[in-house]
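First, one chain by itself in structure tokens, the form predicted on its own.
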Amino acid sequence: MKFETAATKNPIDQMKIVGQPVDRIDGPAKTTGTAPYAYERHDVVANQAYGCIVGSAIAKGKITSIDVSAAKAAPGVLAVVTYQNAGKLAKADSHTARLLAGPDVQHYDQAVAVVVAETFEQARSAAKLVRVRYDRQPGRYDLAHEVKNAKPPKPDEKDPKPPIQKLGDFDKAFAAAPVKLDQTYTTPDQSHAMMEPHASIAAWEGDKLTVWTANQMIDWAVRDLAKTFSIPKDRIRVVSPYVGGGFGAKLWIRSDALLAALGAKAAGRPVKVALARPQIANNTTHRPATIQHVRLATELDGRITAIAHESWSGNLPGGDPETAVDQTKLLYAGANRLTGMRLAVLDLPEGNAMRAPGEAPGLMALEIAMDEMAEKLGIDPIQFRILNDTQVDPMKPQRPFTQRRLVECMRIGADRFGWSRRNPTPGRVREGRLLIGMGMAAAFRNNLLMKSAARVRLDDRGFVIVETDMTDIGTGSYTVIAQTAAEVMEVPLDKVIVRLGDSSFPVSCGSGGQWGGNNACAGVYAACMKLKSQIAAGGERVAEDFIDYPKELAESQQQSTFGAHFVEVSVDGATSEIRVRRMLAVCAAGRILNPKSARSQVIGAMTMGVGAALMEELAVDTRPNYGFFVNHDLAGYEVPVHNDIPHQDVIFLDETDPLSSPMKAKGVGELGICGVSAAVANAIYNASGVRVRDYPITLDKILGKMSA
């Protein structure tokens, strides 16, 4: 099904099942421990052996020798694989660093070997007997130091947009403006820290490979394994029905999948490999640190005349930048504009997508800057944002938004949160020794359209069976897909069986970038509509179809999601301890397919925003001969726990977007994180009077700076 024009009235509009807050259909399996995750697939293949990965002890250099004799002789060991006996391996285009090092080492903890044994304990013990000698070379690990060498990244197929974009004459308008802001903000390297580590089981049957793994994008995993092993895609099967969190870290296969496959080939039997928690920060990907320079200029009445947002980030050679200026191209009006990205070469582990890449770190800077400018102007922060709202793409005024209700989100949020009780003068509201403050920020995340396919069958029992390689990373895919099929096929929800995460099923959009729910359900809608037509004509009771979108649809009008975040904090006047007291998110994101699961997604995202604001930071050892993330476990890399998160509320605007898909829905999960950290930062300033522009906002950055 080609989606070429705005959706008209269709079966989804009945809203009998879609749009209802039904419980997740996979809930019982997950709460009873019967939902099978990758490392626990004891049922899928017999005689599984265990692999343990040996990571590089240096960050940059060459392997001069590897001695595996002691490891091979250890009890229970079946095989040891290094680059010397792995065979020819190509690098997938989606990988910046190779998944198996040798002889060159590109980053610390890059895999250099996998030891396969009868038991996990034997594999782990033998892995310690692998002796690797290196020629260590100095590397570049400090973004602030490498900024001077950063360059605009070259546009490529993945991101063809020029890295530096201009409209009007920013320099002239900025110089002439009566009110200006010129500030720099920083965000640190961050780790995904999902609950389920990277894990895979691999088995060969002749020249055919099956991998049970934790992965967000099944077809990409097949593609990358095929490229790496130089074998056709049809000889590879990837299975991932349940994923215990991904946050972008599992968009692509990682070393667990490759080394399980290599170990299985060497041992001649199935092999399972999981990364230990301390391996995840350095062996896999992370969100790169940024340095962001924001300049705003306005007339005396607060109307923006010039806006500039430039970002610097680092990555391995061939890697991509953190696209932290994306939202600034679209969020606020302003006739003179400048956005730019520059990329420095760093020898840290690969930087890549994590939890709303681009907008999440970008709004951490832009939305503090908007608050700072509002204060300079003496305008309420919400009124300043409303004053500079736009209903068209500021870079292309002929291009409207399909839906844009940012102002409504802010006004409703202000009313529900009690914004009128906020004292605009920082440090004036006290409860005992606690200083109380409120902050807010706009939320923005683009809505992406992705091709997605499904197969639907009506069996003799009257059950509708849906098959698609879509994944459920904890977001509720099983449930919204079942709701879609039930609505279109006019059957009860318990008459729908959903099967996901298998490359033998039709290729879906996968999970990532908050595109999954809308596009995957639209693909199921297309297949169901085709099946209904076939049945009505007396044809087959199985149908396969897809949803696809012409390029012109996305180019003619801008599709984005909007929201507003409100936060209240307390700052201890004596210790500077920061506590978040309550939070509210108001979201405008098209039709909400399931308010219960959508609310859960947004609450989770808000929690991540608190983590980014107050605690999440990978500490880098920047010495030239070292270069690694020091705090690489959950003891040192802190994320919010229950006690850190107070009352949270979420409001969804009643909205449909006929240009998004037949579902008239958009993504909403990542909208929940975009802007939260800035709202926390703005609340801390309102409470304490201390403006921190260097995330995370830890108490040492406030202590001693508050006025008495």
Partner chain sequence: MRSFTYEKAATPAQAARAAREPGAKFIAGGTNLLDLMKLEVETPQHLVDVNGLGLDKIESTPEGGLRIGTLVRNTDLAADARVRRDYAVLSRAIVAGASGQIRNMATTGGNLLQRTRCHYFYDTNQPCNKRVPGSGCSAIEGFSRQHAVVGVSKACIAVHPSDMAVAMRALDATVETVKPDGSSRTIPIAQFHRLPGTTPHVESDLAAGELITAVTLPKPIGGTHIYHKVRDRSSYAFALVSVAAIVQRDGTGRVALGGVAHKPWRVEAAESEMPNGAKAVTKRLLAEAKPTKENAFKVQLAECTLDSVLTQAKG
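Numbering follows the first chain given and starts at 1. Remember, predicted model here, so these are calculated numbers, not experimental data.
Below, we turn to the form predicted together with the partner chain, even though it does not appear here.
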Select from the listed residues R337, H286, R385, H632 the one whose heavy atoms reach within 4.5 Å of the partner chain in the predicted complex. H632
Which of W515, Y108, Y242, Y332 has a heavy atom within 4.5 Å of the partner chain in the predicted complex? Y108
Quick one: which of 121-129, 420-428, 244-252, 348-356 gets within 4.5 Å of the partner chain in the predicted complex, going by heavy atoms? 121-129
Would you check whether the partner chain, in the predicted complex, lies within 4.5 angstroms of a non-hydrogen atom from each of L458, E490 and G539? no
With the partner left out of view, is P75 within 4.5 angstroms of the partner chain in the predicted complex by any non-hydrogen atom? yes
So, in the predicted complex, is A46 in contact with the partner chain at a 4.5 angstroms heavy atom limit? no
Test of understanding: in the predicted complex, would R416 fall inside 4.5 Å of the partner chain by heavy atoms? no
Is there a non-hydrogen atom of N10 within 4.5 angstroms of a non-hydrogen atom of the partner chain in the predicted complex? no
If you apply a 4.5 angstroms heavy atom cut-off, which residues in 565-599 are near the partner chain in the predicted complex? A574, T575, E577, R579
